[in-house]
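In the form predicted on its own, a lone chain appears below as C-alpha cells.
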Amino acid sequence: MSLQPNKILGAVLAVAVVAFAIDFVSDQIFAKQEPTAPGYVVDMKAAPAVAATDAPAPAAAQADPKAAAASAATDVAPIADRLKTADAAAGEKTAKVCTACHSFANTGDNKVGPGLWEVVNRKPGSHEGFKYSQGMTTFGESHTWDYATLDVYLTNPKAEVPGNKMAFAGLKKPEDRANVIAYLRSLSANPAPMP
C-alpha cells in the first residue's frame, strides 16, 4: 500500500492550517477598531454662505469646457496687458518641457509636434510637412495664432481644440502663459508687433 495519497492530503492540510494561522495572526496585529463616536460633525445649519468665487460653475459651463475656461479667464488681465511685463527668458525656461515634442529652431523642423519658429500670427494647422489632426485643421479655418488665441489655447489645449494631438495639459498660471508667448514671439526674424 502506497503512502503517497496520505502525503498529499497531509501537505494540503498543512497549507490550510498555515493559511488560517496567518489570517488569524494578521487579524490580531492589524485589527480594525470602529470608532465609538464620529471624528467630527459638520453642522450644515451653521455653515457659512458660499462665496461667489466658490460657487459651482453653471450647468452650461460644466457641460462646455470652453465656457468654463472663458468664465475662469474673466479674472485674468488681458494678454496685451500681461505681455507688457512678460519675460521672454522666463518663457524660454518654462517652454523647455515643449522641446520634447516641438522644435524652436529657425529651420522649421517638425518633431512629434510642428515646429514653432514664427508661430505667432501663423494659421493653425498650416506648418509645412506636419500632419495635423482634423480638429486642428478645422480650428485653423477660422483662427490665427494671435496673442489672445495662443493665451486661450495654452490654458487648456484639449478644451480649446477638441481632438487635437497635443497631450500637454496646459499652463494654468497667466504669467507663465504670457512669458511663453513672449518667448514664442521672439522666435522670428521679424517678430510680430506687440498688441
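So that there is no doubt, residue numbering starts at 1 and follows the sequence shown. These numbers come from a predicted model, not from an experiment.
Same protein, other form: the form predicted together with a small molecule, not shown, and the subject of what follows.
Here is the short version: of 105, 112, 77, 89, the single residue with a heavy atom within 4.5 Å of the small molecule in the predicted complex is 112. Annotation: in the predicted complex, residues 122, 133 and 136 each come within 4.5 Å of the small molecule through at least one heavy atom. Although the partner is absent here, residue 127 lies within 4.5 Å of the small molecule in the predicted complex, judged by heavy atoms.
Taking non-hydrogen atoms only, residue 98 approaches the small molecule to within 4.5 angstroms in the predicted complex.
Although the partner is absent from this view, residue 182 stays clear of the small molecule in the predicted complex, with no non-hydrogen atom inside 4.5 angstroms. Not displayed here, the small molecule is approached by residue 167 to within 4.5 Å at the level of heavy atoms in the predicted complex.
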